[in-house]
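In structure tokens, one chain follows: the form predicted on its own.
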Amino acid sequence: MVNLSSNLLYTAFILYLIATVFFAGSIKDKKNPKKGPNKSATLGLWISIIGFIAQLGYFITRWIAAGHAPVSNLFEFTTFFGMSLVGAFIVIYLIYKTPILGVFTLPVALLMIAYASMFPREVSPLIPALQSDWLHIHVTTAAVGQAILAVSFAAGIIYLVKSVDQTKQSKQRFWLEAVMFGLVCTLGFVIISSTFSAMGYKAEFNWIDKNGQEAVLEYHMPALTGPNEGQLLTEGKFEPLAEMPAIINAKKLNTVIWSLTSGIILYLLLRAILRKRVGAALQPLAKNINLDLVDEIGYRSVLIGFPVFTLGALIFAMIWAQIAWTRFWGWDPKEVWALITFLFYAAYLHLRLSKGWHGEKSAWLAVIGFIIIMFNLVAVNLVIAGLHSYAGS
């Protein structure tokens, strides 16, 4: 059952990739000057739907194998996030019939699924704190809300790619390229992690933790930064270039360094091949896009995603917290960042409705909102210790 589940996930990934190509092809079709739906876009939509059904099959078969909803660790949650993003895209595409949305939304879903594959994929029993029906309700609703909000990010990027002038230096051009660099770094992380994983790289260290206790730490990438008083146990593996104090998580810092390094190399390669900024290279795809339509897609996505996220990440979460820990709020890092996300999107709606922040300002807010969501998913889960740390297992 687990093997079937994995095969369905791989199938969905490949189908999403093919669908992206078809959507991109529909935009480049010279017989389709208005860049609306055509044969290629229709094929892209159907392939996306088949891929979504395959991933839904993965979700169901893994649920059967595990005996609980597969959203209890980072691999499971992030793949569900990716599936929800594709589902949200399909619904919004059926309403607005905008092929370029697939070119920018599906790659984000692909990055999410690829990123998830870097974490342990074994089916494991739930810890006592998670053995509740509220796991299914709280986590899935929060993930669906975030996925719908992520569509506004894709719409925001499309808007900025079209509207930001790439011919002259400006803050807008700089920050748009910074966003592109961040996406390339994520891709670099996936590539470098997959490479070392395929090589079967593993190095063990004895080290002294911050409590003065001896422990064993396992690296799956060459250790550029080693643990406190670390001693390499695995012969023939890379010796660390620097030793970190116990208060710094050397393994996670090592991952960050490898990700940034691979991201920089990949970005420079892209710049050399394209001979222009990534944002400028994408601009022809958005040449004939109706900016008002894209702005409306971004706004509607927030209008739908915000209450769903609020329901799942705050209201359902507080009910479960009251049941599990006898308090509805405890300033846990995950709770705090869920509140920050809520307040940010509430500010987005206020500024748009009361202050008239439409167009480019609204697009930038959508991009910043998604960065907050990603910080909550990645940094808070992996780096900051709290009651939700089990999610990083």
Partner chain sequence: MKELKCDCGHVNPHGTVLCESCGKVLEEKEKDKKLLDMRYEGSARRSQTYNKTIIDKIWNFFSSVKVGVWLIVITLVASALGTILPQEMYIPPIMPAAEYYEDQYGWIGKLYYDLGFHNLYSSWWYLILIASIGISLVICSLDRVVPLYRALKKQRVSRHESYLQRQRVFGVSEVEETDKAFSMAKEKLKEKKYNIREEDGNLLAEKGRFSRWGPYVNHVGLIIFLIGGMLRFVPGMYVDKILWIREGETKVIPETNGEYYLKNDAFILEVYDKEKDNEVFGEAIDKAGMVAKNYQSNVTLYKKQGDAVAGEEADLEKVKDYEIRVNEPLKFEKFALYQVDYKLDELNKMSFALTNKQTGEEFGDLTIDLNDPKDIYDLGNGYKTEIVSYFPDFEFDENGEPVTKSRIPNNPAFVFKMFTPDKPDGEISFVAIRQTIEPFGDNEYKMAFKGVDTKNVSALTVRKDLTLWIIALGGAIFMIGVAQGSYWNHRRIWLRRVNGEVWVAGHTNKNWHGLKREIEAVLDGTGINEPEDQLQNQSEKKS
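Numbering follows the first chain given and starts at 1. What you are looking at is a predicted structure, and each value in this text was computed from that prediction instead of being measured.
Heads up, the form predicted in complex with its partner chain isn't pictured, but that's what we're talking about next.
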For this session: Sort through P284, P222, P307, P245 and report the residue having a heavy atom within 4.5 Å of its partner chain in the model of the complex.
Result: P307
Seminar exercise, completed: Among W320, F77, W175, W258, just one has a heavy atom within 4.5 Å of its partner chain in the model of the complex, namely W320
Exercise. Can all three of P107, K252 and K361 be found with a heavy atom no more than 4.5 Å from its partner chain in the model of the complex?
Worked result: no
Exercise. Any idea which of 235-243, 191-199, 149-157, 131-139 reaches within 4.5 Å of its partner chain in the model of the complex, heavy atoms considered?
Worked result: 131-139
Exercise. If you check in the model of the complex, is N288 within 4.5 Å of its partner chain, heavy atoms only?
Worked result: no
Problem set entry | 4.5 angstroms heavy atom contact with its partner chain in the model of the complex for I127 | yes
Exercise. So in the model of the complex, does any heavy atom of F328 sit within 4.5 Å of its partner chain?
Worked result: yes
Exercise. Are any of the heavy atoms in K39 no more than 4.5 Å from a heavy atom of its partner chain in the model of the complex?
Worked result: no
Problem set entry | Any residue of 195-228 that, in the model of the complex, places a heavy atom within 4.5 Å of its partner chain | K210, N211
